[in-house]
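Next up is one chain by itself, shown in structure tokens, the form predicted alone.
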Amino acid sequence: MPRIEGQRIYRAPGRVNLIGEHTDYNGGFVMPAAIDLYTQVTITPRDDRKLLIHSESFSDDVEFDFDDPHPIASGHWSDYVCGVAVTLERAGFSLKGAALEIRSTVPIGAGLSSSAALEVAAGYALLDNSAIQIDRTELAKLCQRAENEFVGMRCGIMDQFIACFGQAGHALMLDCRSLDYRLLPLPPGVRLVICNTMIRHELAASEYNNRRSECEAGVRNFAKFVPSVSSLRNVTLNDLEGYGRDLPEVIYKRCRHVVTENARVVEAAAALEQSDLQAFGDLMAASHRSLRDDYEVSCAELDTMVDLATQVEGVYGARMTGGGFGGCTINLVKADRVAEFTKDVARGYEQATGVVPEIYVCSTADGVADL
């Protein structure tokens, strides 16, 4: 189908996080990779200051006025787009009206960052449609702010950052405090295989915000002893042992996960640089145990999926990925074992749970771009 005059198409990738879970909003280290599942935005200019939004995934259309003096979230999927528009306007960028057509291959609710892919694709499209150029780091920050302040999800910056900066063939180690990052080549002969449990427990969103509050309670404790502590990123293992023992057990466990997970990401980066996938897989396993036992964001279905994966020959590592309470696992699998892995895990999971999973064999991808 020919494009309408002035029409442009943009896309941003979903992501999987190899290691470093629930560390981003604590100023810590993460290691995501952009994947070849995308949200695509087709934008057609308008002569007014209205935004018309349509998604192939939903039946309703949404109209938004850039000049609305009191825009508020509605709890609707379109909040992710409208929130970005509001945030860009409040940052001083005057946007031109447009019609947006949205389509996506990123599964919704699976923990593969469908929301950030939508935010970044829409933000990039709205800015380009208005002949505005901004740095990608600023775009990631503004999209994160939209989700924090407009949508009400207190996410860290990892998802938006990787949607902007992903690079095919690489994972990305990000310091969420400084936003310094480095690209880490993934060795040939290994595939990223994502297993979707098809489960999304209702407490996921509320418990995510609870975990943030629990981490903040830990920070307040450590700051009494070490004034330089402003986030759990500043807390060392020695601080944890020396000043954390009087914490309530739950708060102590949350802090222990974050402190040890940051250390695991640093070790995992070194392992990848040495192409030591066995060591990397061992760190993935330790990460999953910590998320299950200390951070308590796993669930029976995720644990089952990880257990099944570790029984298949050719699997270097398996762990839950994303916020938890359902969603997906990430598995590093030898390329010549992917077919066997997919068959065995799908069969075993259905037998154990009665649920047919979805399994995605993914390649790494580049960040947001026009097509």
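Note that the coordinates shown come from a computational prediction; the quantities given were computed from them, not determined experimentally. Residue positions are given as counts along the sequence shown, with the first one as 1.
One more form of this protein exists, namely the form predicted together with alpha-D-galactopyranose; it is left out here, but the text below deals with it.
Want to guess which of 54-62, 315-323, 41-49, 336-344 is within 4.5 Å of alpha-D-galactopyranose in the predicted complex, heavy atoms only?
That would be stretch 315-323.
Can you check whether Arg11 is within 4.5 Å of alpha-D-galactopyranose in the predicted complex, heavy atom basis?
Because no heavy atom of Arg11 falls inside 4.5 Å of alpha-D-galactopyranose in the predicted complex, the answer is no.
So in the predicted complex, does any heavy atom of Leu100 sit within 4.5 Å of alpha-D-galactopyranose?
Leu100: no contact with alpha-D-galactopyranose in the predicted complex.
Does alpha-D-galactopyranose come within 4.5 Å of any heavy atom of Tyr208 in the predicted complex?
Heavy-atom contact with alpha-D-galactopyranose at 4.5 Å: present for Tyr208.
Met158 near alpha-D-galactopyranose in the predicted complex, any heavy atom under 4.5 Å?
Answer yes; at least one heavy atom of Met158 falls within 4.5 Å of alpha-D-galactopyranose in the predicted complex.
Judged by heavy atoms and a 4.5 Å cut-off, are Arg15, Glu21 and Tyr25 together in contact with alpha-D-galactopyranose in the predicted complex?
Every residue of the candidate spot has a heavy atom within 4.5 Å of alpha-D-galactopyranose in the predicted complex.
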